[in-house]
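Encoded as structure tokens, the following chain is the form predicted alone, with no partner shown.
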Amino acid sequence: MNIDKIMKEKEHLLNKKIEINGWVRNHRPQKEFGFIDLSDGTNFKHLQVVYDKSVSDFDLVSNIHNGSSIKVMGILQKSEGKNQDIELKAMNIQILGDCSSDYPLQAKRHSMEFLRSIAYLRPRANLFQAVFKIRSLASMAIHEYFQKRGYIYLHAPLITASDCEGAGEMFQVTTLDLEKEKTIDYQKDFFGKKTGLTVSGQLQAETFAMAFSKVYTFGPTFRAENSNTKVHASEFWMIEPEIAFCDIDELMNIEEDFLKNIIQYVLEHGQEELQFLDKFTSPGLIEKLNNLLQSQFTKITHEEVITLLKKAPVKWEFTPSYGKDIAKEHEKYLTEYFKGPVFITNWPKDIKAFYMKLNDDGKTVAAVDLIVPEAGELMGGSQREEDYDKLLKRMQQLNMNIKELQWYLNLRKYGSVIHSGFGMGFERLLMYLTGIDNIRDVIAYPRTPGNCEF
């Protein structure tokens, strides 16, 4: 039996004999009796095990270390303690795997930096039990959302020759001995050309959207960006839907509906984990999530945003400017000004990707960024350019390799339609859902500049 089943069926299991395996989270031995907090990972709550001298090998049991794995047979009974309503009165406790006395994860608060140094053990800490349960719930919510609405799940390639964002931040994939090669001939490489790890599955997803109408990718992506910040990682997961016959206005409706559905799902299925995080890590977390569900999403153009920021009675660290991106301080001001999430549309073409649809003014593209309170930018999307000549001209202006992306251009020749899509970093979403302020703490084993441990 497991703890989750016990917690759900405790009324029927009271005064019955049960057997359970788990790990000792905390052991408080006394002279005549002792208490063990037992976890098996199936439920955020622990099961309190109570034992006394009636158990066999009392002295051995009294010396069980934190972190040990044990098997307990006993009677489930009501508890008189403050922190639990049931407990297991042990009849027999068997040590399955002892834990040495130098076990680093003791029953006390540890710094996040220390826990990152023992990332192979931190899943046992309450904080990370909560975070990674929510990660699992959010993953399920994402798949359910798209599957119930007729989307096809696409496994986009991880090795690619195309840099979707055009930023040159790809990790190179090669079998050549670069230290010995005086001149690099990529025709001799494994794929016969220069390749790298994908920064986005969007371009490939567009090809499938032209066949299935609605598709989504949800998988790992990679950026060789030397940014040592709380919000950047070199390996992370992305959610990228692509929708045919969908313009920018409909895309914004989908983004809002998607985000609210994911939050609602996590609120419904992760209450215990959210309550823990709300209490110990991010006070007001549940209120923040509920507020977003009730929020009206404001829509405003980039030009209107800059005008608003310039008129704001604020001394900016970074001066807002037409034709330029906005800073974190601007995002914070906007969500507070509008008291909720904000869609910023019609961005200057020169600061956005080549594939975005050019607006009639010739200066802006049909792009949209969604910024939310406390987190800033959460999603970025656009209507894709469906006109062959306009897309080709834009690629030529940017001196892109037309030959390498001719297949992508051909989509505009073979039954092109209006289509749109967005991308959302999964870890950014998790930071918002959990209140954790560092991306390294919502990824099991973070890969960042100078760090590839475990």
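So that there is no doubt, residue numbering starts at 1 and follows the sequence shown. Here the structure is a predicted model, which is why all the values come from computation and not from measurement.
Only in words, not in the display: the form predicted together with another copy of the chain, which the text now covers.
Taken together, the three residues 23, 174 and 452 all come within 4.5 Å of another copy of the chain in the predicted complex, as judged by their closest heavy atom. In the predicted complex, another copy of the chain lies within 4.5 Å of some heavy atom of residue 214.
Using a 4.5 Å cutoff between non-hydrogen atoms, residue 307 does not count as a contact of another copy of the chain in the predicted complex.
Another copy of the chain in the predicted complex comes within 4.5 Å of a heavy atom belonging to residue 128. Another copy of the chain in the predicted complex comes within 4.5 Å of no heavy atom belonging to residue 331. Heavy atoms within 4.5 Å of another copy of the chain in the predicted complex are found in one stretch of 27-35, 403-411, 49-57, 389-397, which is 403-411.
Of the residues 376, 380, 348, 219, just one reaches another copy of the chain in the predicted complex with a heavy atom at 4.5 Å or closer; this is 219. When another copy of the chain is considered in the predicted complex, only one residue from 81, 283, 104, 323 comes within 4.5 Å through any heavy atom, namely 104. With contact defined as any non-hydrogen atom lying within 4.5 angstroms of another copy of the chain in the predicted complex, the contacting residues in 70-100 are 96, 97, 98, 99, 100, given in sequence order.
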